[in-house]
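First comes one chain, alone, set out as structure tokens in the form predicted alone.
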């Protein structure tokens, strides 16, 4: 056992009770060796990632790309021997939206192509536009008045909120020994600051209200289109939606999200009094025939007469944003989860409990796929009325933090699982996975399970360039997927799922949370 493993084991067991620290897990070393050999030497994970990204394409919520991915994953899982593969509706989502054409360039004072893409759920330009730009800057609603009468037939050029600056730090990084050790410590409780929280919320609401007023004014004044940016650097831009996906959403103007360097050049030229002309065309298509959202599910049946009715789940979200192919967010997580069940089938090991994979839809809009799956199958957090399946879930494991290799797992405040997870990790110390953190982590689908008292967990992954270069950007492509990291992660996930399926007891649970009526609004 290496020094880091000893340190993290000591840190982990320090927060467990003495009784829990004495528990010993039964590890089937022969089965784990088979999992490791299959996952590292005969991996299919990059082939799966290729199909999810390059072949299926962008997978925006309820888009044709997501529909392609749903059907392909169902077929692929079936071909590996999983059963009950299904594209399962979770409820009503809203309109689908796809890009058929996107082009933007500056044509005066000279010609130059620009980097940009339509914001999701914005309409077409109805042909090619060739228009003068006008810079619109407004810090308050009163500032909007000065643009009245000046916007008709113009392309509105909005401010750049976070101009790029030179950086002397690498885009990508891996966790250091010290950083992983720190994760094993219980975090200090944050000091309550109601005033600060209220101020932040007030600022957010004020900005949202101002943007709504700006949108309404641009449309009322007859602007032709909008160019905006959420930031980025070096040709990378962050993407989002420019209109609601609801079936009854109000119409908005065509809007493109731009690389900030291009946006800033247009602003500088315009503010210097040099006329700027833009040529652009977007052709987007709305899908309103089927407003439902879907998840893909499939199973490996359990083999133990007493335990096969219990379920170990694993999953990640299949949907993505639209400016790239959603490689690190979250084709990587889905490819790893798919590879984990393929490994389990290929090795011929016999899980006692049923293993169920779920590839979630519409996560990016609010964890909708997993939240509604949990509500439909286990419990509604608004009432905490438990359904029969609630008792049958042994564990849920999630992956959605980019393409970095797994360094450990977050216990999500469940101290009773920490010594169990630490023992499960011991055979994989040579792969760099040694850390069990008592901390909560947020932002993705394990929260849907945790919200109703089910043991849901997210793995710790090396960040790489997820936060700087790929997350929700036009650079989230297949090239950002390190094959060795995805192979290692697949082995770790397969081992955790297998061991959860083989235990005599389900994983320990935290106390049931109280009902949260506000969850009805989510």
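Quick caveat, the model's predicted, so the values are computed rather than measured. Positions refer to the first chain, counted from 1.
The discussion below concerns the form predicted together with another copy of the chain, not included here.
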{"item": "Stretch in contact, per heavy atom within 4.5 angstroms of another copy of the chain in the predicted bound form, of 131 to 139, 223 to 231, 355 to 363, 265 to 273", "value": "265 to 273"}
{"item": "In the predicted bound form, the one of 36, 487, 480, 472 near another copy of the chain [non-hydrogen atom within 4.5 angstroms]", "value": "480"}
{"item": "Interface residue in the predicted bound form among 236, 441, 372, 241, criterion: non-hydrogen atom within 4.5 angstroms of another copy of the chain", "value": "236"}
{"item": "4.5 Å heavy atom contact, residue 55 and another copy of the chain in the predicted bound form", "value": "yes"}
{"item": "Proximity of residue 460 to another copy of the chain in the predicted bound form, heavy atoms at 4.5 Å", "value": "no"}
{"item": "Residue 204 within 4.5 Å of another copy of the chain in the predicted bound form, heavy atoms", "value": "no"}
{"item": "Close approach of residue 427 to another copy of the chain in the predicted bound form, 4.5 Å, heavy atom", "value": "no"}
{"item": "Interface residues of 132 to 170 toward another copy of the chain, as seen in the predicted bound form [heavy atoms, 4.5 Å]", "value": "164, 165, 166, 167, 168, 169, 170"}
